[in-house]
Structures are given as structure tokens and as C-alpha cells.
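Single chain ahead, by itself, as C-alpha cells, in the form predicted alone.
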Amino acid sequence: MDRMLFVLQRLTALLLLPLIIGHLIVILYAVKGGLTSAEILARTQGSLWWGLFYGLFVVAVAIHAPIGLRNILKEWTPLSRVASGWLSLAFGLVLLWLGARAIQGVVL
């Protein structure tokens, strides 16, 4: 299990790298262009592309971050592996839910 999580976290890191760079480029473009939040939303509303981009971003983060949290909890707290796993899973589900809500606001 630990080996699979190790590999999964590294794979999501590889996926997150271009997504983060793309997100930062979008932010810089919007700031440099002086776009307001309303103008940004007008450009993203109804876009399948932005929905897929940020959907993939959210899923990758919801997998990557809880694995790291699980490792921290295992190493730095007296929690058992099972408790660390369940807390991390709950954290990942919360991230997934919040991310899905954010995508709804930006894309739908």
C-alpha cells in the first residue's frame, strides 16, 4: 500500500507541474491585462476546456495532498496508520468537494 501511494503521489506531482504553470500563466495574463473578476468569469463560463483543466487540477490535488498529509500524520503524531489513513481520506474528499464547488462557480 505504501509503495502504491508513493508512486501515485509522484505521478500526481508530474501531472500538477504543468497544471500549476498553466494556472500561473493565466493569472499573470489576467493581472497584466487588468481583467476584473467579472471579465475573467465571462471568459470561463460555459467553457468545457476550463472545466476539464481545473477538474483535472482538483482531482490531482485531492489525491496528492492527502497522501502527503498521511505521511506527516504517521511520522509526527501518535496516530496509527489506520487513523492517519482515514483522516487523510476525509481531507481528500473535502478538497475534492470544495474544488468541484469552485469549478461550478468558475465554469457553470
Partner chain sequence: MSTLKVKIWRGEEDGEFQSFEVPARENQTILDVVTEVQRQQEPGLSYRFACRVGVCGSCAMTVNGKPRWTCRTHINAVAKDGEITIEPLRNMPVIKDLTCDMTDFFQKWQKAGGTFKGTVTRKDKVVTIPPSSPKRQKADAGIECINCAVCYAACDTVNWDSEYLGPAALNRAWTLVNDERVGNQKEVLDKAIGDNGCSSCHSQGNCTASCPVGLSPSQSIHGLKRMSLLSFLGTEV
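Residue numbers count along the first chain shown, from 1. For clarity, every value in this text was computed on a predicted model and none was experimentally measured.
Keep in mind that the form predicted in complex with the partner chain is not shown, yet the notes after this line are about it.
Stretch-level contact analysis of 42 to 50, 57 to 65, 72 to 80, 26 to 34 against the partner chain in the model of the complex, using heavy atoms and a 4.5 Å limit, identifies 72 to 80. Although the partner is absent here, residue 11 sits close enough that one of its heavy atoms falls within 4.5 Å of the partner chain in the model of the complex. A residue is said to contact a partner when one of its heavy atoms sits within 4.5 Å of a partner heavy atom; residue 7 meets this definition for the partner chain in the model of the complex.
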